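Take a look at this single chain, the form predicted alone, given in structure tokens.
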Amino acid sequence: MKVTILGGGIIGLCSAYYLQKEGYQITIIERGDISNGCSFGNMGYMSPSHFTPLASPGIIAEGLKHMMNSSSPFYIKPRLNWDLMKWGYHFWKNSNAATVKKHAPHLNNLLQLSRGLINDMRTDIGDNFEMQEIGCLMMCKQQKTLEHEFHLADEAEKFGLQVERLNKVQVQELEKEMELNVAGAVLFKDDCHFNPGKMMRTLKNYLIEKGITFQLETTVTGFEKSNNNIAAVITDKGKFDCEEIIISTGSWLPDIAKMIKIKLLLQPGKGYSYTYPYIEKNIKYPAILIDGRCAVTPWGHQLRIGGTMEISGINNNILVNRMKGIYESAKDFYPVLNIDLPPADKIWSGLRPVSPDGLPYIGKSALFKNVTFAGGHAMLGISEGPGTGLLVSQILDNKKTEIDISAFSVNRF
């Protein structure tokens, strides 16, 4: 069976990985060269710890508080846009404790599924992406913030996750070579991290060896329909026949869906990062700096700092002050870390696909029998990639899915 996958990010590649094991003939169509999307410049976390959806209590108030601050960690650019307003309404509706309680178990199931699969995938495709299984620190400067993280640790334990609650001295003991300015932290021991760019290249090379075709630098312009099926994908490089089609185009998901008269609520959430190529005295543990709303990831002597959630539409505009805020937070938590403010022309940015409730879209289209959507993973594309790929292959095989996917329905809004 011919399967065409639209999108060569982590979700598309993981879908191809599991589908090729079932014997499908696969073509991946990607608008770029796979190296310029969110799957490359993110923080490289595989995070079962992130079971709380982005749409959660307090997030709206925080966004309004930071609205006029150009260096704030969360920003929605005010504009007259009907899709943004609909998305915002549903985001607001889902940002409450009852909805989070309902959604968190589903998010946890997908995260833990992915975490269980990544080790087997690493063995299969080659251990070439610097994966470390030492956990991730949620570091807090303020005691109030730390107490909130301890509460989240209680919830994590209910899902079977391993956590350690650490005071200032205990955190410093983990980072013996680096002075810290913190009140304490929670260590999520099940989390792991790796170099996402190397992961993507390793996975791509593996798929090429398995006979998967990559059609890069190719833009989808339309579809050829036949009754309740998509017969072909039309692009600026020609037409591609297909028997099954998977749409995993990240922040471009709504644009592609509109071509087949399907409306999906999703907004691109821009994130920024910068990678220091060599730091003599580097940190050891990846960490989310809770009060600063940013993150740091070490790979040997390399260090990546990143963060922010900027809802400003699809664009590549770099707001340097946002990167400055990330840099200042990192220096605040690590006072002696020897890093300079990233040069403006070297700052990376990427667009995370954010659904209104913080859950991805995974499942069949209601209008076309042979269309499957896989997207809207927000900041958790890497964390949920392997699990989503397996689910997509099971959907196409008409098998019972590994976990309940009803909460990820494409038609829920």
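This one's a predicted model, so the numbers in the text were calculated from it and none came from an experiment. Note that residue numbering begins at 1 and tracks the sequence as displayed.
Omitted here: the form predicted in complex with a small molecule. The next part is about that form.
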- Item | Complete contact of 218, 272 and 379 with the small molecule in the predicted complex (any heavy atom, 4.5 Å) | yes
- Message: Taking the small molecule as it sits in the predicted complex, is residue 360 near enough to touch it, meaning that at least one heavy atom pair lies within 4.5 angstroms?
- Response: no
- Message: Does any part of residue 42 reach within 4.5 Å of the small molecule in the predicted complex? Heavy atoms only, please.
- Response: yes
- Query: Can you check whether residue 26 is within 4.5 Å of the small molecule in the predicted complex, heavy atom basis?
  - Reply: no
- residue 252: touches the small molecule in the predicted complex, heavy atom cutoff 4.5 angstroms: yes
- Message: Tell me which stretch of 177-185, 82-90, 219-227, 327-335 has a heavy atom within 4.5 angstroms of the small molecule in the predicted complex.
- Response: 219-227
